[in-house]
Every structure is written in structure tokens, then in C-alpha cells.
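A lone chain, given as C-alpha cells: the form predicted alone.
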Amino acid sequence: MNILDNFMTRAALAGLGVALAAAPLGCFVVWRRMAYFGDATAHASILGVALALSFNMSVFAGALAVALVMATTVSVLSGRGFAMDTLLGVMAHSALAFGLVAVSFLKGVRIDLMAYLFGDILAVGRVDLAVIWGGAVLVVALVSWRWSALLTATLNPDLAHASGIDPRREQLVLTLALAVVVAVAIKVVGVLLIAAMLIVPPAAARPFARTPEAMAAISALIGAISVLGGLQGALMFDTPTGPTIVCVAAILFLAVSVGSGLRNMAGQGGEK
């Protein structure tokens, strides 16, 4: 029997692909404080799902196109005098609302809305797996290629300009990578929980990391543990798989935070 015939194997591989893609990108989301930006892009993708089903297109292509348009629009408008938090709030919830309304107009198309909102990793097929890993490899290659420039633009835009690096170009690179991650992660955790996979593993990795590269690597490891632990937990307790994966990641973050806090308190006590 082929190893990919097992639905749990396909689910695990799909989750690991998303964890690999989300890790380096999630670090930049945390460093740049772009959490709401990721949320807005993810919410917009449900509109892409509706459009893809309407025109009999690939759901991945529809979600990618709309996520890319949304991310690019926010990037452009943020430099035109609009307050970023207000702009993201309006666009994120408006896109989600329009997407849900658009889905309700679909006639003759059976759609499991919950699967797109919260993911349906256990239903991942071979084609889905190829798309997820193709997207993951693309994102990792893109971020690796621009890693030094992205770091410089993130830490100090003025230094980036002096070094011949255009911060807005690097922002567009992140925008493209974010749109790809959103499109490939829909099947795994759904549009409402994609931002969690971008934010929680890097946040949990931060106390252990001494370099940006180490933070990305540890984030990928935490993401992988969350996926495998979430799959096992969902199987044991008969819970929704996507939310369970995020719950495991949140528990790891909480454990790391408590451990780091206790270590700091012990260190301060030792100094006295």
C-alpha cells in the first residue's frame, strides 16, 4: 500500500508543510507587528473561495488572487495617510462579510463553509498535498533569497535605504509570501485560524532564540509539534482538527511564557 493512501499521513504532511511555510514568515509578522495584517489577508481569502467556486476555478488560485489583492491594497493605502489599525479593521471584516454573503449566492454548489473557516485537514488529497508543499517550498525559497534584505528593512528602514535596499519592495515580498501561505493553509486550519499559525509558534520560539535564523528554525519545530500533537489530540478526543492544532500551539506558548517568567524571577532572586 502507498504511504499516501493513509489519510492521517496526508494530514500530517499537509500540516508540516504549512508549519514550514509559516515559520520564517511568521517571524517577520511578529517582528514587524503585522498580526492584524495577516488576519485581514486571511479573512479576505474566503471571498476568493466564493469566486473560485462561482467560476469553476481552483480554490487555491481564487484564494491566492484575492489574498494578494487584499495584501497589496493594504500595503499601498497604509502609506497614503490612512491609520493602519483602522484600515485593517475595516478591510478584514468587510472582506470576510462580503465573502460569506457571496458564498450564500452560490446555487447548485455544495460547500462546507465550516471546512473553509476552520479547516478540514483530514480531507486533504494528493493534489492538495502537492499544492501545499509547492507553496511551502516557494515561500521558504523566497524568504531565504531575500532574508538579509528583509531583516535590514525590518530592523532599520533608514539603514536599508543607505544600503541600497528599498523597504517597500521588501514589504511587497512579504505580501506575496503571506498571500501564498494563506492560500495553502486554508485546507489545514481555515481562514479564521491562519493568523494563529503565523503568530503563535514564533512568539513561543522567541525566548529560546539568540539569532533571527534560530527563531525561524525553532518556530518551525514548534509548528511541527503543534500539528502532530493537534492531530493526535483530535483523534483521541474527537475534536475539530484545525482548532486543536492551534490549541496545542497556544499551550506550548503558555508553557514557554510561564517557564521564562519563572526563570527570570529565579535569576533576579539569585542576584539579590
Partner chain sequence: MTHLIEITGLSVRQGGVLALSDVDFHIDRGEIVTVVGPNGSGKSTLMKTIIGALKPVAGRIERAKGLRVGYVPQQLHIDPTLPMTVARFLGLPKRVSRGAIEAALHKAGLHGLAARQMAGLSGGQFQRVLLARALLDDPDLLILDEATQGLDQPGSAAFYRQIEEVRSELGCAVLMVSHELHVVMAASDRVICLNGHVCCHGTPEIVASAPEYRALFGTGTGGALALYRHDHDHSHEGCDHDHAHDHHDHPNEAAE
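Positions refer to the first chain, counted from 1. If you're wondering where the values come from, they're calculated on a predicted model, not measured in any experiment.
The form predicted together with the partner chain exists for this protein as well; it is not shown, and the discussion that follows is about that form.
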(message) Although the partner isn't part of this model, could you tell me whether Leu231 comes within 4.5 Å of the partner chain in the predicted bound form, counting any heavy atom of the residue?
(response) no
(request) Please check if Asp158 has a heavy atom lying within 4.5 Å of any heavy atom of the partner chain in the predicted bound form. (result) yes
(message) Residue-level question: is Thr152 within 4.5 Å of the partner chain in the predicted bound form, judged on heavy atoms?
(response) yes
(request) Answer for Trp31 alone: is it within 4.5 Å of the partner chain in the predicted bound form, judged on heavy atom distances? (result) yes
(message) For the interface check, one of 233-241, 35-43, 53-61, 204-212 should have non-hydrogen atoms within 4.5 Å of the partner chain in the predicted bound form; which one?
(response) 204-212
(request) Work out which of Ala102, Leu113, Ile165, Val173 lies within 4.5 Å of the partner chain in the predicted bound form, going by heavy atoms. (result) Ile165
(request) Quick one: from Trp147, Phe98, Trp133, Phe118, grab the residue that has a heavy atom within 4.5 Å of the partner chain in the predicted bound form. (result) Trp147
